[in-house]
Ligand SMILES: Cc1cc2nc3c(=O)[nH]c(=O)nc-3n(C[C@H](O)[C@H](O)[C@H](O)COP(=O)(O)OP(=O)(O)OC[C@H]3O[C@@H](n4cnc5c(N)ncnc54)[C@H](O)[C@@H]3O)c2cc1C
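Below, in structure tokens: the form predicted alone, a single chain.
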């Protein structure tokens, strides 16, 4: 993908065809990165290993929950999950918790487990427990984590779009009308949002499409 030199863009396809356009909308989402050395995370992702209690995970309400928090995400995230059920915060041997934060977590009923995680246990995509390196198994039916993300395509970088650092990874910088720092290139959805949520991503696409249409009609 590249600019055509006259205000538009050209995309080269695998079959050697080329497509041209006056405007572009980037909506390729993000790819999730998973912690190294923990067996069973990838297989359960989106089923019993979850990233957002507001998007999904409500079906595990009242059940035993776990939270895996790694830098730069704060351990206080477990305080939110505790609204859904009894919660264990897994530090995975990497994090320390300040006394003030520890007190707040314990006041919310959060159990803090400092040991390193070896694997997730349970049949198929279901989760029944978190196995620690010392052999103990902590009963858990859903594990929440915030994976590090990266853009789902290199196109934005190829076009020279600027990025901002989000709470989970880089996001494409956009203005109020969803246009990137490259004129004529718009972005919508998870690749351009701080909070990853299907409903918000859909609404983002509506705004971007409307903005593009107005730009094509009025010549902006």
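Keep in mind it's a predicted model, so treat the numbers as computed, not measured. Positions refer to the first chain, counted from 1.
Unshown form predicted in complex with the ligand; subsequent notes refer to it.
Of the stretches 157-165, 62-70, 178-186, 40-48, only 40-48 has residues with a heavy atom within 4.5 Å of the ligand in the predicted bound form.
Not displayed here, the ligand is approached by residue 197 to within 4.5 Å at the level of heavy atoms in the predicted bound form. In the predicted bound form, at least one heavy atom of residue 152 sits within 4.5 Å of the ligand. Contact annotation: residue 169 falls outside 4.5 Å of the ligand in the predicted bound form, judged by heavy atom distances. Contact between residue 29 and the ligand in the predicted bound form is found at the 4.5 Å heavy atom cutoff.
Contacts between 1-16 and the ligand, taken as any heavy atom within 4.5 Å in the predicted bound form, involve no residue at all.
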